[in-house]
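Just one chain follows, in the form predicted alone, and it is written as structure tokens.
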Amino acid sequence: MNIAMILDMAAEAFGDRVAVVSGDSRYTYAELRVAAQCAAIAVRDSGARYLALLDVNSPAAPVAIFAAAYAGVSYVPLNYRLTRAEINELVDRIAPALLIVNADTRALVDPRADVQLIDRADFLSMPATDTVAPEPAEDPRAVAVQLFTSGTTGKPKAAILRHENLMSYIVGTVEFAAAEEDDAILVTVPPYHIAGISSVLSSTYACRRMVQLENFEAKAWLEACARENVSNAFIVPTMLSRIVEHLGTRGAAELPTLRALAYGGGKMPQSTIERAMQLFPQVDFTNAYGLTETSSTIAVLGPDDHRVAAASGDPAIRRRLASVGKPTAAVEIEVRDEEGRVLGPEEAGLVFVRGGQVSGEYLALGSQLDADGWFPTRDRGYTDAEGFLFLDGRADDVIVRGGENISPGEIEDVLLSHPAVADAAVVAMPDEQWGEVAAAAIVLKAGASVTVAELQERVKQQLRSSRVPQAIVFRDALPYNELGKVLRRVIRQEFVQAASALSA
């Protein structure tokens, strides 16, 4: 199976239905297929091994995804927010390539003979010819997409997603042509993220209209929802927080067509989702947890789960609003300890996943699956008695205090429960006696106040003294990337520098 089949099915079933809306541009599914096939001819004739994209959200993203599939090459979206040096290091790793750029990103790429640059406008206006478009390859093991990881702890790895992985995800989670003709999804996640890839594929398979925003801004997001009668949307937690802040104290948002809102990519504060459910009472909320290496979603907290948890007076049920739900039908999930023993409910450990959509493979490094097909996500977490999965953060974020492993997540949950705290991040700080201790960066709610001693006492009372942050700083805001993940390395570095200054 080849992901180009998804576009073929949509174009043949609903060719006249609008597929993509981007500013003043509109493509039907029939037009999207023609554009992708014309581009595929150019890709084939160029001799490139990769079709790369260095661009914001635009019609070039869906056209390129399917053009690469038709042409039998890998699609590689690049992060345009990287530095020039970082971008060129990645470009060096995909040559020979055909690279789609815009007026701003073209200047970031160093000239080289084995990388052909093509402006977005030219890529989208490939003329129709008598040349027959390439037939999609039938090899399900062929590489469809190559995504570079963020590289926060070293050189970015090239994650490999094969056609069979992506098709397994789509067929296992989406019903073909499930969207009504008026349905539309608002796409704000960047094209270089797995959520951007899966949004194109799942929306095309559902035959849903995709409305693109180049960049997220709460006011523009709300305006686009209203203008385009958006029915569905996917956002990251920081986006939802900004939407909630923008709407303020109003009773409910006036977006009558919005029916479903999915979120993922980072930890959602329970207070934020509770407030969002009040602002959008008619909306079905879904928390989708996934990774690049798993072709997107592997666990879901569905609309009914949200409603039951929000309405419950039982703390054990209400806390599920902060979970990522249960595994989808397409995968299995286990939580294991450091020795590989499968853990029971409420026992925290490392999260493993297995299923057809799980690639777990990197270029040059090979497959990371174990002998039984399990992939180590490097996320820490635990399940409750009903199988709801709670995440504690990345394994690399664990604080090792005197040989004891401490999860930042449990401390953050206690800090966030204080009525004055709007946001919190806990990291490891060097310590001469214990090796590492907890330290916290705190953002207070507008007009609120609390002392360091009060927060430390709260953690001591609800957890124990070893979990108490030895240092707490107050910030106007925490550093986040565009996908809603807090940049712990930035916060950690601040505490490392502070500890060094004290010991100097």
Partner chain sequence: MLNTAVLKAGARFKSAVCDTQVMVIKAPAGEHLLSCGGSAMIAASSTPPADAKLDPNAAGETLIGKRYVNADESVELLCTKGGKGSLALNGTPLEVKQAKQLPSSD
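Bear in mind the structure is a predicted one, so any value in this text is a computation, not a measurement. Residue numbers count along the first chain shown, from 1.
The same protein also exists as the form predicted together with the partner chain; that form is not shown, yet it is the one meant from here on.
A residue is said to contact a partner when one of its heavy atoms sits within 4.5 Å of a partner heavy atom; Glu223 fails this definition for the partner chain in the model of the complex, lying far away.
Interface membership of Ala13, defined by any non-hydrogen atom within 4.5 Å of the partner chain in the model of the complex, is confirmed. Residue contact with the partner chain in the model of the complex: Glu138 places a heavy atom within 4.5 Å of it. In the model of the complex, the partner chain sits beyond 4.5 Å of every heavy atom of Ser271.
Three-residue candidate spot Glu347, Thr377 and Leu391; no residue lies within 4.5 angstroms of the partner chain in the model of the complex by any non-hydrogen atom. Listed stretches are 175 to 183, 70 to 78, 369 to 377, 273 to 281; the contact stretch with the partner chain in the model of the complex is 175 to 183, by a heavy atom cutoff of 4.5 Å. Only one of the listed residues (Phe234, Phe123, Phe352, Tyr192) places a non-hydrogen atom within 4.5 angstroms of the partner chain in the model of the complex, and that residue is Phe234.
Contact annotation: of the candidates Leu161, Leu415, Ala309, Ala288, the single residue with a non-hydrogen atom within 4.5 angstroms of the partner chain in the model of the complex is Ala288. Contacts of stretch 1 to 34 with the partner chain in the model of the complex, defined by any heavy atom lying within 4.5 Å, are made by Met1, Met5, Met9, Glu12, Ala13, listed in sequence order.
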